[in-house]
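In the form predicted alone, a lone chain appears below as C-alpha cells.
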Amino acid sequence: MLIRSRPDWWLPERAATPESLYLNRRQWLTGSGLLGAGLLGGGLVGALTATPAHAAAPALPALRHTKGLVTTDDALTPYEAVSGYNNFYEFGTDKTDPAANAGTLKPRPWTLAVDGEVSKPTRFDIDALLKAMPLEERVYRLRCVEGWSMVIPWVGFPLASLLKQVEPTSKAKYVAFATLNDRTQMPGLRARVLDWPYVEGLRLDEAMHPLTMLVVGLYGRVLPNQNGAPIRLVVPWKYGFKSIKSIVSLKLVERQPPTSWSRSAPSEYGFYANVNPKVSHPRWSQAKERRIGEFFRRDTLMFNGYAAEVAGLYKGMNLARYY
C-alpha cells in the first residue's frame, strides 16, 4: 500500500480562500480590521482609493487549482492594499507610483527565455505557459526589507516545474533573473535609481525548493501590472526585493550572479536576503514589522515563519555574514 506523506503546511484544495471572498470588498476590509478603523499606514489611504490603475483585475481564465497551500492563518491583506501599495521602481519610487503609472506596461505579447547551463534552452510564450502549467493558490507572508509586511493569496506554479523542463546541467549552481528593460513601458527607468535592468538571483537549491513560486495572479485574478505582470517570482522566506517582477529571462549559471540591490549597496543588501530578526539592516532593526492594516508592530519571524521548511538550506552558514 502506497502511503504519501505531506509536509506540515499542506492543506487540501477545499482550504483555499473562496472566490466569494475575492469579490466582496467589504469582507476584505472587515476581515482585516480596516473598515472604519483608520489604521492604515502612511500613504496607504490614498492607495486604497478606487482608480482604474488598481481596480480589481479580471479573473484568471480557466483557473485550475491543483491544491490549496496555506502557510499562515493570519488575516489576508485586502486586494486594494496589495495592488495599491508597492515597490516597483521601474514605475516610480513612491509606494503609490506603481498603481498610478503601470498602465503603460504591456504584458502581452510576452516571452520568458530560459537558457544558460541547461540541456533544453527554451523561450516560453506566457499564454502557452499558462495553459501548460497547473496553477496553484498559495497564501504566503510577504516581508519587505523596509519593515512592512502583507499576507497575500498568490496564484502560480513552482519554479521547479519550469526548471525541470529545461533540464539543468551539472554546471548549473545558480539562477539569474532579469526584469523587462523598456523605457517606453517603464517611465521609472529614466531615473538612475538602480543600474537597469533589475536583476536577481537564487542558488539552484533555493530555486528548486517547493515553496519557491512563479506567480501569474493574486486573489484568483490576473496579476496587476504594478505587482509584476505578467509573471514574477515569489520566495516567501526572503525579503520582498528578491521576488523580482515582470521577468523576461532566467539564466542558469555556474557562478553567483549579480543582483541589483547588492550591487547598489553591498553593505546593506546581501545576495541571500533571508528574513532574519537577529540581523539588523545597517540603518534600522529587523526585529519588528508593521503588517499593513495593523496599528501595532509585531515580531518578525525567522525566515518569515518558514524556518521549518528552509533552515536546512543554510545549515552551517553564518547568516550574519551571508545576509
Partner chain sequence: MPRPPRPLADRRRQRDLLKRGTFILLLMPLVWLVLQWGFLLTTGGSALGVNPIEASIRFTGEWALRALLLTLAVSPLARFSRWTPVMSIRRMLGLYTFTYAALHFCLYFGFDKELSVADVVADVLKRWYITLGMGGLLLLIPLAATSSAGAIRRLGGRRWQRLHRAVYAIGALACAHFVLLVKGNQLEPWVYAGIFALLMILRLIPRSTGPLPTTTASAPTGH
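Residue numbers count along the first chain shown, from 1. Bear in mind that the values here come from a model prediction, so they are computed numbers and not experimental data.
The next section is about a form of this same protein that is not shown, the form predicted together with its partner chain.
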Inset, instruction - Go through 140-148, 162-170, 211-219, 99-107 and give me the stretch that gets within 4.5 Å of its partner chain in the model of the complex, heavy atoms only. - result: 140-148
Legend entry - in the model of the complex, the one of 75, 193, 113, 132 near its partner chain [non-hydrogen atom within 4.5 angstroms]: 193
Legend entry - Partner-contacting position among 154, 85, 239, 177 - heavy atom within 4.5 Å of its partner chain in the model of the complex: 85
Legend entry - Touches its partner chain in the model of the complex: residue 275 (any heavy atom, 4.5 Å): no
Legend entry - in the model of the complex, residue 271 touching its partner chain (heavy atom, 4.5 Å): no
Inset, instruction - Would you please decide whether residue 122 lies within 4.5 angstroms of its partner chain in the model of the complex, comparing each non-hydrogen atom pair? - result: no
Inset, instruction - Answer for residue 181 alone: is it within 4.5 Å of its partner chain in the model of the complex, judged on heavy atom distances? - result: no
Legend entry - Contact at 81, 284 and 292 by its partner chain in the model of the complex, all three, heavy atom at most 4.5 Å: yes
Legend entry - Residues in 99-132 close to its partner chain in the model of the complex, defined by a heavy atom within 4.5 Å, in order: none
